[in-house]
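So this first bit is one chain, no partners, the form predicted alone, shown in structure tokens.
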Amino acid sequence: MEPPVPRLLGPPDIPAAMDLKKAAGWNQTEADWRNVLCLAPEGCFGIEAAGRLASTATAVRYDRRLAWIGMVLTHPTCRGRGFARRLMEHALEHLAAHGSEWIKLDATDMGRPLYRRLGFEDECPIERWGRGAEAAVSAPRVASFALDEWRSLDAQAFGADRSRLLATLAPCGSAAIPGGGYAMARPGANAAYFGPCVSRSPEAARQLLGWFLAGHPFQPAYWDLLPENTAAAELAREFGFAPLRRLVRMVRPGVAGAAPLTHHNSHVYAIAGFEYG
């Protein structure tokens, strides 16, 4: 049997990619797939089987310092055939060719053994929290999000320049607290999504969470956070969120001898999504 051959994904593949997403029960929408394809047109890969898209993986490059792998999906009927491993190898080759110094991903229990075999190591836990549909809350006063004001703080918190990602997500919903922080929100297939949120203080994060909840009354909500930021977890509990699942953030060098990647999880109150970090 010939080995599976990865190919580039494009907008016409979105319906088939959504079928894979639905089979996994994930929260992404067609807009999320369009955004990934726009951010990484040369880094979205798939494998076909029996004439249909059977497996996917994406590799978003931020600056040279960091790239992020996500959307690693395989149809249940095609698992165990090495598709995910081949796509991961292909994505890593792609990132190596572009000199990405560090590569990260958020791993499920199912994917973690494969990622370990490919050289990834655990960095920290990451958790999805959720809450059910509840009544509206009062909307706090917030300011408009301006990328130039928050680019530096976001890069310090995350460890790389995510300007293109933030510019892509901001039109879906964004707000800021002057001098405090910013947050974004977007629709999901299963629940409204809070994130990213980068804040200098719990007080600013509280106001940004209030903005999010006021804008999504009577809707279930998801919030992906780093539990080592205890202020974020405490805020989530206060507003009725509870842990739903735990993943592991993993990292591996993409270039030998790359300088350590610095980041500040204490400022990260919500990630941008498992596909973005």
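Keep in mind the model is a prediction, meaning the values are calculated, not measured. Numbering starts at 1 and follows the sequence shown.
Keep in mind the form predicted in complex with a small molecule is missing from the figure; the text below concerns it.
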Can you confirm whether W26, F83 and A107, the three residues that make up this candidate site, all sit within 4.5 Å of the small molecule in the predicted bound form, judged by heavy atoms? yes
How about Y115: is it within 4.5 Å of the small molecule in the predicted bound form, going by heavy atoms? yes
Evaluate H98 for contact with the small molecule in the predicted bound form, applying a 4.5 angstroms cut-off between non-hydrogen atoms, and reply yes or no. no
Indicate whether the small molecule has at least one heavy atom within 4.5 Å of a heavy atom of T74 in the predicted bound form. yes
Does at least one non-hydrogen atom of R79 fall within 4.5 angstroms of the small molecule in the predicted bound form? yes
For the small molecule in the predicted bound form, the stretch among 129 to 137, 191 to 199, 147 to 155, 115 to 123 with residues bearing a heavy atom within 4.5 Å is 115 to 123
In this chain shown alone, the residue from G159, G173, G180, G111 with a heavy atom within 4.5 Å of the small molecule in the predicted bound form is G111
